[in-house]
Every structure is written in structure tokens, then in C-alpha cells.
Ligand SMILES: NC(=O)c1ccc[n+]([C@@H]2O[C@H](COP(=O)([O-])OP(=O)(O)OC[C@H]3O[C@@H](n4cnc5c(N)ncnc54)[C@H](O)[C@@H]3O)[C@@H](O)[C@H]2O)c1
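In C-alpha cells, one chain follows: the form predicted on its own.
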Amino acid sequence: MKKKLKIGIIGCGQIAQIEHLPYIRDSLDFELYSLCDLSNQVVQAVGEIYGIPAERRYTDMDAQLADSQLDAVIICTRDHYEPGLKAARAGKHMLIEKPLAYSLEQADEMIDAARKSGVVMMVGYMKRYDPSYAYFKKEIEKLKDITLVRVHDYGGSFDFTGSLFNICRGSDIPKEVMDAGAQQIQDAMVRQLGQQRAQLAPAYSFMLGISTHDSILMRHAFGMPEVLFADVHQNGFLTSVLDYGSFRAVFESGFLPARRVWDEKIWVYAPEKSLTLEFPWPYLKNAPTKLTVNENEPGSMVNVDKVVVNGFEEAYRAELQHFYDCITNGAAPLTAGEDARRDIQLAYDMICKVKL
């Protein structure tokens, strides 16, 4: 029997309740050991559902992290900087939901703390563990003379999430605490962007919070690009042109709160074939990511599409298994803190190209 690692959750909100907690409960690798949330209402309700003893339900993460029995944490708070820093200093392995941080300075401090403590710091880019992305990446490696890549990432309203999942919500966090947390995030973004570009913080925040799911996939397929052009319009929609050396990529992102839409695709065009990777709404469990291969029939100009469904495995589950492997077997995280820092750098580089 493998040793089960005791894991805790810091931040028991939507992403923890929908994704992380159910997969930990079903895991052969981890024991759900403790919970922490600013809302006592939430932590008590979730603790009852998952059978966590009252003494291991916390509203103070310092007390949670002081428990020597705790091996690792998943950090699902809105701002990951303080929990990540404290978890590292407490010697706890950590899986941190993206973004790692809101500034390069914060990221460097967190990475340095994890390195000094000798703990695993892995960032929650679950799409990197999607089986269809692995297939897509292998297909890219076979292509010759890529001509163009396009990334299209438009998120919409999540207002129906509550009708699909029973989510415990709290009303006991003081407004001043919520406001102070939001202000800390804003201050970190402005320190990174500079006061002159502070008005571009909404686009930068969306890049870090949503679009980095795609920027990491692009980086792991093609490397780190040079930003040739970027523009922000309508207070958050971003269009950028990226140079990967032998080809260019167009990166589009935005948020459409008036509609329940999820439109996230990566197109790769080459003379012999084109590839289109299409992601489902992220909370739709076991929904496959589809890869469409467009090419001519052999010996003809008859154009055909082949839709590949590489599997129904849940990327969050694969991510959790990889986290265990990194802790117990010394595997290098595919989405390490140092790697996640590059997405912060890329988002910043895009914002710096926007003409004021």
C-alpha cells in the first residue's frame, strides 16, 4: 500500500468544492486532513460534508500550517501570495491555484521560500495534464513549417454554476476584510505595471486569472515568445501578436459576462494539416477536450476533418496524481513555480506593449 499523504485545503470556495475536494476524497494517494477558510460558515459546512474533525477546521491558516502532521496543502484563496509564502516557510508541499502571484516580485519571493524549505511548489494549470493536450503536443512536433497559430480565449458568465453543484457559501466575512484583500491584489498589480499603466490592471488580471491556462500550453508547445504588439480595448479585451521565430501567433482574450459562453480554442496552421484544440467549460467534469485535424485525403485535394477524442480522464485528477509523484518520487513538476513565473512575465510583456 502506498503511503497516503495528509493534505489540507486553504480556501474552501468554488474551485475547492467543485474540483479539488471530490478528487482528494476519491484519491488513493491523499487523505483529506484539514480545512481552512476565512468564512467559519463555509469551513464548518464543508467540514461536515467531508467528515473533518472540528479541531481540524480552521479560519486561521497559521494554526492550520502549524500542525506537524500536515504534509501538503492546496491553496485556493483569491490571492495566493501570503498563503504560499507561509506554507513554504512551514515546510508544506503546495499545489497553488493559478496565478502564482500578481507580480514578479511576489513570485520570486514565493519560489525562493519553497526552494529554501525544500518543498514542492506546483501551480494549478490543470489543462497541462489534459490527455488531449498531450496528443495535440505530439502532433505539433510532427508538423513542418508552421505558418500561423491563433489562441482564442473568451470566458462568459458562470451564473448557472450554483444550479449544477451544491456550493456552500458564507456571509460572515466582514466587508472590510474582503475590501482589504482586493486592495492588496490591486496594489500588487499596480506595483508590477507602474502607475502609468494602472488602468490596464483589469486586462492584466484576466490574463493571469484565465488566459494563463493557454499561455502555458503555448509555451510548453513552442517556447517563450517575443511580444510584437498588444492592445487592450473595452476595459479588458486583449489582442496580441507573438513572435515564435519561424511563425507568428495571435492571442485573443476577453470576458463576456452577459452570456453563458465558453469559447477557448488553439489553432495551429501548417501546409500539410491544421490542428484545432477546443476546450469545454472547465467545470464540466470528464467532458473531453476535442482535437480536430484538418488535412487532405492522401493523393487528392479533398479536404477532411478528423475529430479526435483522446480520453475522458479528468485533468484535475491527473494533476493531483502528478503532485503526489513529485512529493514522493522527486519528479519535477510540469507546472513548477519557476515555470508559472514565465506566464506572469508574458502577461506583463503584453501589457507593456499597449500604447497609452
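Since this is a predicted model, take the numbers as computed values, not measurements. One rule holds for the numbers: they count along the sequence shown, beginning at 1.
Although not depicted, the form predicted in complex with the named molecule is the subject of the following passage.
The named molecule in the predicted bound form comes within 4.5 Å of no heavy atom belonging to G254. For P225, no non-hydrogen atom is located within 4.5 Å of the named molecule in the predicted bound form, even though that partner is not displayed. Looking at G337, you'd find every heavy atom of it more than 4.5 angstroms from the named molecule in the predicted bound form. Residue contact check for L38: one or more of its heavy atoms lie within 4.5 Å of the named molecule in the predicted bound form. Screening T77, S132, Q192, Q106 for any heavy atom within 4.5 Å of the named molecule in the predicted bound form leaves a single hit, T77.
Contact with the named molecule in the predicted bound form, judged by any heavy atom within 4.5 Å, is made by just one of K137, R248, H152, H213: H213. Three-residue candidate spot Y33, V73 and P333; no residue lies within 4.5 angstroms of the named molecule in the predicted bound form by any non-hydrogen atom.
Of the stretches 97 to 105, 227 to 235, 195 to 203, 139 to 147, only 97 to 105 has residues with a heavy atom within 4.5 Å of the named molecule in the predicted bound form. Contacts between 281 to 315 and the named molecule, taken as any heavy atom within 4.5 Å in the predicted bound form, involve only Y283.
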